[in-house]
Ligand code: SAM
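Okay, so here's just one chain, in structure tokens, the form predicted on its own.
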């Protein structure tokens, strides 16, 4: 939209930009089109725009035949957006983007986010839409220049800090272009910048407990002038050895460590759990009778029949808690699965294994569980007899960080719609259990 069109639209609506909502409307059409091009919209993408306002970016997004969701907080602008852009493929949602339910975006195609973010809530909005529960693969955001510089800062600079590291661990961040205040109406008091964020692929993210990493980074930057050895007491006795091994001076401050050195430091404090090579399961026959214990690797390499459990936890509303498997799982990484699942260890029975898995994966004491469906060994099940248990639990849960990426309750209606639209989002075993449960019903 041009500056004239913005003023005319506001006059027609009988309104004006509201400072409390951080409203600054972009009126440079070339910049708007260029910003939209950074999304790299592909067929099937679901585009979500945060704070469309009068539609400066939306008019160019609408040129693509893709599904479009517009999140607008200002009730005065919602009718304008519905009239101008409403269609069978465009949804206008009135509400605060911070309150938007990310679960709604799953099963609606690959998600990309764009928005001219209000400066006063940019940080929490970034945290929300880059979280593990967000399905977004790419974000294009217009931010206050100072924040954009912090996100994309290099180590050793004044802008480099906890936000740089915590966002950059899972996302490639690039400051694309500085925008002068003159391209917005009304003019903000600061300059802006357009930033792109693209989710890193599995192979580029080091296996690590993110909670340990973030806590350590925030402590390290809590007093930038202090040396790290005075801020990280867990290394008090070994600091000279650790510093030498990771290649930084003993007197280093937080900004002197590169992202890879920070990751190595967090790994040293809490090593990522490797698969136990001595883990043993019971090998069973066609009647699920125990033959002998055997090592995990021997069982998997030779496709020997063994046992596993899946647990479905529902809340009082009947919603099912699903976990998204860690990106580092050796089988079916990053897909959605039952509330908890795992092998039956040698000498265990199915019920004992189900209760143990709930403690290990979700960090909760098991509720009363009842058995139900039992799957036979097939290639789909990984040659496992699988017994499915169900129980009721409201949470909260404390997912094991290297096992579970995230989790949430979903209605069965949502799950079935999602599965029909994107079956690859779910593990093969979960799909089989759901099909069997539907048949039983």
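Every value quoted in this text rests on a predicted model; they were computed, and no experiment measured them. Numbering follows the first chain given and starts at 1.
Another form, the form predicted together with this ligand, is not on view; read the next lines as being about it.
Within 4.5 Å of some heavy atom of this ligand in the model of the complex lies at least one heavy atom of residue 96.
In the model of the complex, this ligand sits beyond 4.5 Å of every heavy atom of residue 407. This ligand is not drawn, but in the model of the complex it has no heavy atom within 4.5 Å of residue 17.
This ligand in the model of the complex is not approached by residue 168, whose heavy atoms all lie more than 4.5 angstroms from it.
Interface residue among 217, 197, 117, 148, judged by heavy atoms within 4.5 Å of this ligand in the model of the complex: 117. The listed set 386, 26, 68, 41 contains one residue whose heavy atoms approach this ligand in the model of the complex to within 4.5 Å, identified as 26. Here the chain stands by itself, but in the model of the complex one stretch of 199-207, 285-293, 73-81, 323-331, 73-81, has heavy atoms within 4.5 Å of this ligand. Contact annotation for the candidate site: 48, 107 and 110 all lie away from this ligand in the model of the complex (no heavy atom within 4.5 Å).
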